[in-house]
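Next comes just one chain, in structure tokens: the form predicted alone.
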């Protein structure tokens, strides 16, 4: 059995309909990644409970509305597995098992733990679910043995704790009684030449600390097509002097920060009431943009302005060509154009971007059964992969009763 291609895992909390900030910050990246990697994208409904456990009435509708927006934005179920977290209960079992080995201090030091407690003071967040949500995220990632997790810089800590948890799990449970014998037998399956090279590289790394040899050996293992995934993981562990790698450590795949500002120049967010939803009526979009604030120095049409002080200028960075930006810069600073003139290219650009998204969304919104079928199929496919991981986890922990 050959190893699976590099796998990407990403999820979104079920918050309902999405806006242009989500599109530029996450969905455009998902659309790109689905053509480059094996992708698993999920609606994180359990994560929504960590801060809003007392109000579950809207979760189901929020999930369906969000999935419709994914599909409308171009996320393709033919290229990626789309599923709902709670439809794969293996996430919860792995979370439970990992909670047995995860030190409390690891969870308490996650930067967003105290940050969210500070920002959400009005909510009672003194619950295990809130403290443990980074570990649930780790289970989300590790249950699929994801190679990469697309995150912004503020989320790198969550991937790092996942790596630490995987490392601790492998250290505790990766040593099989006959591990060395199984690893050496696995090496022979690569063929005489490759087995000899693997042994030489392993010796150079372990005896001389040659990290170049380590990377070469890792690349050699990745290229092997005639060994099983279990053997590959044994050989990775044997190479580094540890045990079998049951749960591979994921890498953070840094994504560029969204360049999509809100209507007031701040980050686009529902909590700031400055969003443009992906399915907003064109007339409402145009009205929002026409009435959005501009440079406060331009009180009258004849007053010159400074584009860098104007929220509209930030939108030009996303939607306008260099030629249009030069026209705005010259016209604004000389009062040669008015604020409505300046806004028109942005209005045209946003409406053009939203038109096909809104059209596709209407098709999916009018056929909810199709959306349910997509999610059911994706959830079954995801669950099949999750079961494989849990089977090996149970074996490693001696919980596979026969």
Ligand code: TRP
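Numbering follows the first chain given and starts at 1. Because the structure is predicted, anything quoted here is derived from the model rather than measured.
Below, we turn to the form predicted together with tryptophan (TRP), even though it does not appear here.
- Tryptophan (TRP) is not drawn, but in the predicted bound form it has a heavy atom within 4.5 Å of residue 47.
- In the predicted bound form, residue 96 stays away from tryptophan (TRP), with no heavy atom inside 4.5 Å.
- Taking the partner from elsewhere, residue 155 is found to have a heavy atom lying within 4.5 Å of tryptophan (TRP) in the predicted bound form.
- Contact annotation: residue 13 falls within 4.5 Å of tryptophan (TRP) in the predicted bound form, judged by heavy atom distances.
- Of the candidates 199, 101, 151, 284, 151 is the one whose heavy atoms come within 4.5 Å of tryptophan (TRP) in the predicted bound form; the others do not.
- This chain is drawn without tryptophan (TRP); in the predicted bound form, the residue among 133, 83, 169, 238 with a heavy atom within 4.5 Å of it is 133.
- For tryptophan (TRP) in the predicted bound form, the listed stretch (36 to 44, 347 to 355, 361 to 369, 56 to 64) containing residues with heavy atoms inside 4.5 Å is 36 to 44.
- The partner is not shown here, but in the predicted bound form the stretch 113 to 143 reaches within 4.5 angstroms of tryptophan (TRP) through a heavy atom at 133, 137, 140, 141.
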